[in-house]
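In C-alpha cells, one chain follows: the form predicted on its own.
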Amino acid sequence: MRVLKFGGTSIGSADNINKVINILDEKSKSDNIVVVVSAVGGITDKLLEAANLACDKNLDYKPAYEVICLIHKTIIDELFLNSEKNLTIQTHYTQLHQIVSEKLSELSRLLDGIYLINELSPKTKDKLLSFGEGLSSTIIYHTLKSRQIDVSFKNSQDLIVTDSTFNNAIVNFGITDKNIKTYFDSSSSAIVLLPGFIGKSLRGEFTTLGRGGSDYTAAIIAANLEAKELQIWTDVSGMYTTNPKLVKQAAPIVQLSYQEAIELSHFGAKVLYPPTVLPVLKKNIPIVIKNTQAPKAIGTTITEIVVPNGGSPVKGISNIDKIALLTLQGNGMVGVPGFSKRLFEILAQEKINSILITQSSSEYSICFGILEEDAARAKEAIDLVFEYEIQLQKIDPIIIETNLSIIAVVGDKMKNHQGISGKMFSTLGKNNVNIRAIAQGASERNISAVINKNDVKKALNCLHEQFFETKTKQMNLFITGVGNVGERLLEQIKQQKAYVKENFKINLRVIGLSNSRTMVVNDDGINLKHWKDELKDGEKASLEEFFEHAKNLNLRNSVFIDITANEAVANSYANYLKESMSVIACNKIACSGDINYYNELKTLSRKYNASFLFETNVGAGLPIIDTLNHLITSGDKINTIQAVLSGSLNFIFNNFNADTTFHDVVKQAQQEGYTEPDPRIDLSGIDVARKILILARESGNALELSDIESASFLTPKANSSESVEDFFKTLIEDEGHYQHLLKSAQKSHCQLKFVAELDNGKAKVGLKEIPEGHPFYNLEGKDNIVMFYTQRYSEQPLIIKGAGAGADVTASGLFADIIRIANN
C-alpha cells in the first residue's frame, strides 16, 4: 500500500484534478492506495478572509463567500463537461452539486453567525477551515465515482482524534491508531480518499492539525499502515537545492536523509513540513516528493540513510523571511545562572517559537530569532519578567531588530568536510552580505546565519554558486555609455560569452544599459542580439535611477562600467562602491580629477571589497596600469616614466608631411575616430596630461592636474577657438606654424612626438623632436609606448608598446578588466 497526498496547487483547477485522477487511476492498478487531499489552492486563505471580514462587521464577507462558491462550482462544471450525454455521469453531477450546495449553505450560516456575534474564536476558526478540505475531497470523490474508478471515502475526523488545542491540535495516537487500523482492515477499495488537515477532539469538536496539517494526516496514516512509501504531490519536482523562485540554477535534490529534510523544511523549504517526517521516520518509510504537473520526474526521495555520491556535502540552502532578532544583554547576566531559563520559559508561556538561538561565551548576551509578527508581544512579556533587573540597570530592555531573514546551509556529511563554514561566510563577506547572528549545532548538520532580508536573493545565489554549481561565477554588468566603444564591448561580450563560460567558468550577463537618452534594466539579462531595440524602448535615462535599479536588484558580483566622458557619471562611482559593486572606468575624470576623490574611491574599494579598475584610462587595451601596479606591489620603485600616450596625436604626426596639410590630417583623424568629436581635447594635450597624472598617482605621487607642466604646440588662435568649426578654420589660417614645426624636425632628422614624462615626482607633457634610434622614433599609426625606468629596470627600461587608441582595443581593455574582477 502507498499513501499519496495532493496539495492545494495540485487540485487548484479542474485541469489539475484531471491530472490527479490520471495518476490515481494508473497507480491503483498495481497497488492499493490511500489518497489525502488539501483544500483547493487558495481556499484556506479565502475562508479566513471572509471570516475576518464578518468578524469586523464588514459586509464584504458576503462577496468573499460568493467567490468561494464560484470557485468550487466552476471546478465541478468543468469536471463534468458534457455530462448530460451520460445518464450515470449526470446523476453524479447532480448529486455533487446538491452536496456541495448544502455544504456551502452551512458555511454561509457560519459566516452569518460570526458576523452577528462579532467574534471568531479558535474553536469556530477550526470549524470554518474544515470546509476547505471537506469540499475538495467531496468533489474529487464524486468525480472518481462518476468515472467508474474503485474508490471509497472516509472522513478523517472519524479517524484522527485530538485534544482541544484548536488551530494546532495534538493527536491522540492511542485512539487514532486503533481507528485507522480498524477501518482499513475492513476496507477493500483500490482507492481510499480522505480530507487532510482536520480531526475531532474527544468531545467531538472540529480541530485542525496546524500548518502542513494535510502532510501530517498522510504521514500518520502511512505510519499506521506501514505503507511502502508516502508520496507528497505538489507543484515542483521535489525539494530543491535552494528556493527556485530566487535562484534560477536551483535543481531538485534526488536523495535526502530524514534529518536533512527536517532541517531544510524547518528553515523555509515549504514543500515539506517538519512534523510530517516524524511518524514515518520511526517506521523508516520513504517519503517521495513528486510533481503533479510532471509525474514522470524523479522527484526527491527521503530515507533514513543516504549513500554518499562523492558530491558536495551540502544538500541544500534554505531561508526563512520576516524574522526579528531579539537580544537580552547586560553586565548583570555574567556568571548569574537562571537568565536563560526565565527567558525561554516566558517565550514558551506566550507560545512563541525560537527559530535560532546564540549566546556569547562571556554570558553578556543571549540572542534569539523569532517570527517578526511575535516580536512586539515577546518584548512586552520579557521586559515585564525582567522589570526588576532592568530598573537596577543590571540588564538592558530587550533589543529588537527587524527586516531580517535566516539562511541555513544543510547537509548530513558537512561535519566530515573541513571549511564548509569558512566557505559560507567568506562567500557572503565577498558579496557584502552582513551577518547579524550565527548558529551551528554540534552535529554540524546545519549552519545558520541571520542577514538583512534585502540580501536574501544575493546570499542564496552566491552560496548556491559556491556549493552546487560548476564553479561558474556570474558577473552582472551595468553599462553606461554605449557609443562606439560601448557597442564594441557589447559585441565582444556576445561573441565571447560562450567561450568564457566554457573555459573560464565565468557567466557574463548584461543587466543594465544606459545612454544619454534612455536606459533599460532586466534582472534576467538583456538579449545582446536585440539590445539596441530594448534600449530604444527603455525608460528615460537617469543616473540616479540607474544606480537605484542596480542597488535594489542587489545581485552578486555586480559591476558598473562607465564608457563616457561625463563628470556626473564619474562622480557616482562612490555610490556603487559603497554597495560593494565594482567599478570599471573608461572615463578618466575620476582618476585625474581632485586627488581627494581619487583617494576616496581607492579607500572605498578596499573597505567594501569592490574592485575599482581603470586600465583603459591609459593606453586603451594595453596593460600599462596593471604592469605598473605589479611593479610597485613586488617592491620596485618607479624613477622615471617616458611615454607617448596619445594614439590620436601619434596618428596625426605620423601622417603629417610635406604632401599634406595639418588641417587635413586632423580632419582625417576625427573622421576615422582617432580623436574625440572635439579634436581640441586631444590636441590641447589635456588628455595626455590626465594620463601621465594617473600614472604619477599610481606610482605614489600626490599630484593634481594643475601640477602637470604642459607646453602647447597649438597657436593662440587655436587655443582660444570657441567651437570645433572655428578651431578647424584656425588650422587652415595657421598652416605655416605647423609646417614650421615639421620642417624643424625634418632638418634635425627627427620625428615629432607628443611626449609625457614623469621624473622624480614631477610631470610634464609637450611636443618633442625625437632623434633616430630612440624607441619613440619608429612609433607608427595610433600606437602608444611607455618606458618604465625603475630600481630594477634602471639601465634598460621596461617597455610596453601597442595600439593605444580605437574602439576595438579600448573595448578589449574593458573586457579584460571584467575578467580581472571575475578572477579576483
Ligand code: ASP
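Position 1 is the first residue in the sequence shown; the rest follow in order. Here the structure is a predicted model, which means the values were calculated and not measured. Note that the rigid core is defined as the largest set of C-alphas that superpose within 1.5 Å between two forms.
Same protein, other form: the form predicted in complex with the ligand, not shown, and the subject of what follows.
Of the residues K494, R377, H737, R211, just one reaches the ligand in the predicted bound form with a heavy atom at 4.5 Å or closer; this is R211. With the ligand left out of view, the stretch that reaches within 4.5 Å of it through heavy atoms in the predicted bound form is, among 63-71, 792-800, 773-781, 34-42, 34-42. Although the partner is absent here, Y573 lies well away from the ligand in the predicted bound form, with no heavy atom inside 4.5 Å. Remark: E133 counts among the residues lining the ligand in the predicted bound form, judged by a heavy atom distance of 4.5 Å or less. Contacts of stretch 183-205 with the ligand in the predicted bound form, defined by any heavy atom lying within 4.5 Å, are made by F197 alone. Once both forms are fitted on their core, the CA shift for L489 between the shown form and the other one remains under 2 Å.
Here H774 does not count as shifted, since its C-alpha moves by less than 2 Å between the shown form and the other one after the core is aligned. A displacement of less than 2 angstroms separates the C-alpha positions of T242 between the shown form and the other one, with the rigid core held in common.
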